[in-house]
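As a starting point, one isolated chain is supplied in C-alpha cells, in the form predicted alone.
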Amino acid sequence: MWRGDGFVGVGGGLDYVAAVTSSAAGVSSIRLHAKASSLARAGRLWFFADDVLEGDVLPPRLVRLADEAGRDLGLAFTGAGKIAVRRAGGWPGDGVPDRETFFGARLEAAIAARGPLVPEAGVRLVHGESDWLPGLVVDRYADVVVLQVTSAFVEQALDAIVPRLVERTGAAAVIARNDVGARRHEALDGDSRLLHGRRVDETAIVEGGLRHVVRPFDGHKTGFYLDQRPARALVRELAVGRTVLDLFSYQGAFALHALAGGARAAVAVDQSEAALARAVAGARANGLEGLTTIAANAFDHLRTERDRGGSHDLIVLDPPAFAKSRRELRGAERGYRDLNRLALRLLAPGGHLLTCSCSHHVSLPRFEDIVRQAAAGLPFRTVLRRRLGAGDDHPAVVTHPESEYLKVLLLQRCDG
C-alpha cells in the first residue's frame, strides 16, 4: 500500500525487488518472429510467447520491442500470462525509460486528453491499451480514484503510479479493484484493497445534473457504468412523456435519467434488492417521481410481461457480459437473441429499444446479426435508428477490437 512515505507490498505473489533486479541485469529487449512482426506493423498490440524470436518475457518488465530485422517497434510490457507481450507505444531514442519517467509521461498524457477534471464528475482517466498503458484502467469518481490492474508489470509499478495519480487528481483515496478474473492469468491475487488515503465505501458523482451514488469497493465494475454516459443521455432525450422499462437496471441510472427527461413512469428490474434500494434512494435524492422497482430475473420478467400483454414505449437492455470467453459464445448468442426478441415483443407501436452488449467476444457485426434474427418474423418492422458506444473517455483503437467492447443499438418498432 502507498502511504505517502513509502510503498508497502503489492501482493499478487510477485516479488517486486527481485523482479526489478532481474530486469535490470537481464535482456531489456524483445524481438518478434517475422509473422508477428508483420502483424505488429499492421497494428496488433498483443503477442504470445511463441511470437517471440529473441529475448525472455520473464520476469515481467518494460522492454524495447523490435521486429525480426531489429527495427524498432517502441516499448512493451512483458508478462507471465498467455499474453506475453503488450505494446506500450513509441518512446524517443533506443533505450528503456525508468518506471517513474514512463508512467509519469503516460499518465499525464492520458489525463490531459480527458480535458479539465470536474470535481464532482465521474471519468475514465486511463483506458488500457488506448492510452498505451496496457493492463491498467483508472476511473475517477469525484475525489476517489479506482484502479483495475491486469498486468504483472503494472502491479509491480504501483509505487510509481499511485503517487502521480494522487498528485494529478488530489484524490482522497486510491483503491485497487482486483476482483477481475483476468488477473489470474498473470498469477495476481483477486483482493481489492486501499492503496492511498482513507477508506471510502461510498461517494457520489454528478452527471447531467443528477447525483449518482458510487460504491468503489463493491459496486459493479469499478463502482459505476461510466461507459454508458452517451446512452443515458440518449434515453433522457427520448423519454419525454413515455413509459420506460429498465432491465438489468443495477441502481437504476437509466431509469433516473429517463425520469429526469420527462418520462411518465419508469420501472427498474434487477435481481439485487440492495441495488434497487439505491435506485429508490437516488430518485428521492434527485427529486424524481414515478419510479417502480421490481426484484426479478430479467428473462422471467419479460416473459411475465409478455403473457399479461404488457407494453412499454422505451425499453433498455443492458445485461452483463454473456460471453467472457470464446467458449461461451454460442450460449451468449442464444441469450442475446432470446432477450431481444422478448423485449421487441413488448414495444408499444412506435416504441424504442436500446439494446447493449459489453461482451468484447461478440463483435458489432455479430451483435447486429443477432438482433436481426431476434426481429425476424415479428408482425412489424424493426428499424435501426442509431449506433452508440462508450464515451470519449473510453477511446477505442481501431486495430485492437478488444478496446471497443461496448455496443449499443437504438431500435424502433414501426407499424403500417
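Note that this is a predicted model, so its numbers are computed, not measured. Don't overthink the numbering: it's just position in the shown sequence, from 1.
Separately, the form predicted together with a small molecule exists; it is not shown, and the next lines address it.
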Exercise for review: Have a look at Asp131, Glu305, Glu333, Asp270 for me and say which one sits with a heavy atom within 4.5 Å of the small molecule in the model of the complex.
Suggested key: Asp270
Exercise for review: Tell me, out of Val213, Leu329, Ala296, Val166, which residue has a non-hydrogen atom within 4.5 angstroms of the small molecule in the model of the complex.
Suggested key: Ala296
Check your understanding: If contact means any heavy atom within 4.5 Å, which of 96-104, 194-202, 270-278, 78-86 contacts the small molecule in the model of the complex?
Key -> 270-278
Point to revise | in the model of the complex, Gly170 touching the small molecule (heavy atom, 4.5 Å) | key: no
Check your understanding: Is there a heavy atom of Asp318 no more than 4.5 Å from a heavy atom of the small molecule in the model of the complex?
Key -> yes
Review point. Tyr141 near the small molecule in the model of the complex, any heavy atom under 4.5 Å?
Key: no
Review point. Wondering, does Ser249 line up within 4.5 Å of the small molecule in the model of the complex on heavy atoms?
Key: yes
